[in-house]
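Shown here is one chain on its own, the form predicted on its own, set out as structure tokens.
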């Protein structure tokens, strides 16, 4: 595999993405809603709910899976402080698995389906480049901006939460090990697998909308993880994030290998005839 050829595909697609408002707007709006808008509404909503003696009991299912030092820290807080601590540090964490998957799905869905709609797919498939180089170039042009946007969203979220936490708890919550592993290990690993699958879907379907709708189903495992945390079934911590990251890296390798095998430019050309 020649990296220079991969970068040619990357640069060519990135120039097209920058001119496509249908792709760029969701890349900006979705992270803003998930990293700033949703947390703000959620935290303001918590502060408006009257505290009661049963509030801490309502959080018991969420607390029981936390490490002992976290449970001890929460026992010293009021129900309002404990709610803010739990939701900002733990229960909103899966949002930052959703951001790279949603952002990258927009670009990945456009990778081949968009080429078909723009009538440029024949010229692309005729270029002197191997299937693996072409596929990896399409994957990387989705992966790189989605990772960068996730990091920027995390920085914005950290600033917001630190301002609120210092006001209400008297200390900053970020940065910490859990979120560093989440943003720089688990999030890119999940995004890579999602992108590979979406690119192959894009190569198989007729148009961008169809590819995007099908790729939306890849969010279901992340939504299940978020619901599991709220129900107290599972709690993201450094150990669980580490195990999930290693598992998904193995899945990444398998998905990329299967994607290269499933990608057949002759089959795509035949469907265009």
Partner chain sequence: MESIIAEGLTKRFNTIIAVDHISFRIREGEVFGLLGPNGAGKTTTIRMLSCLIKPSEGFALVGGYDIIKESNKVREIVGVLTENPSLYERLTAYENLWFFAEAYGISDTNERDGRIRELLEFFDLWGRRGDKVGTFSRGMKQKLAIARALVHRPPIIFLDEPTAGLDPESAKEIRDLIGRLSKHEKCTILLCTHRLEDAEKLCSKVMIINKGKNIAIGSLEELARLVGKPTLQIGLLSINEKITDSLKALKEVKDVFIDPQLSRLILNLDDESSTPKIVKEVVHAGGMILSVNMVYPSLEEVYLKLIREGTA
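Given the structure is predicted, the values throughout are model-derived calculations rather than measurements. Residue numbers count along the first chain shown, from 1.
Quick note: we don't show the form predicted in complex with the partner chain, though the next part is all about it.
A.B. asks: Since the chain is shown here on its own, which stretch among 114-122, 177-185, 85-93, 154-162 would lie within 4.5 Å of the partner chain in the predicted complex, judged by heavy atoms?
C.D. replies: Correct option: 114-122.
A.B. asks: Is residue 20 close enough to touch the partner chain in the predicted complex, meaning at least one heavy atom pair within 4.5 Å?
C.D. replies: It does: once the partner chain is placed as it appears in the predicted complex, residue 20 has a heavy atom within 4.5 Å of it.
A.B. asks: Please run the contact check for residue 129 against the partner chain in the predicted complex: heavy atoms, 4.5 angstroms, yes or no?
C.D. replies: It does: once the partner chain is placed as it appears in the predicted complex, residue 129 has a heavy atom within 4.5 Å of it.
A.B. asks: Is residue 250 close enough to the partner chain in the predicted complex to count, meaning some heavy atom within 4.5 Å?
C.D. replies: Residue 250: no, not in contact with the partner chain in the predicted complex.
A.B. asks: Would you check, heavy atoms only and a 4.5 Å threshold, whether residue 11 touches the partner chain in the predicted complex?
C.D. replies: Yes - in the predicted complex, heavy atoms of residue 11 and the partner chain come within 4.5 Å of each other.
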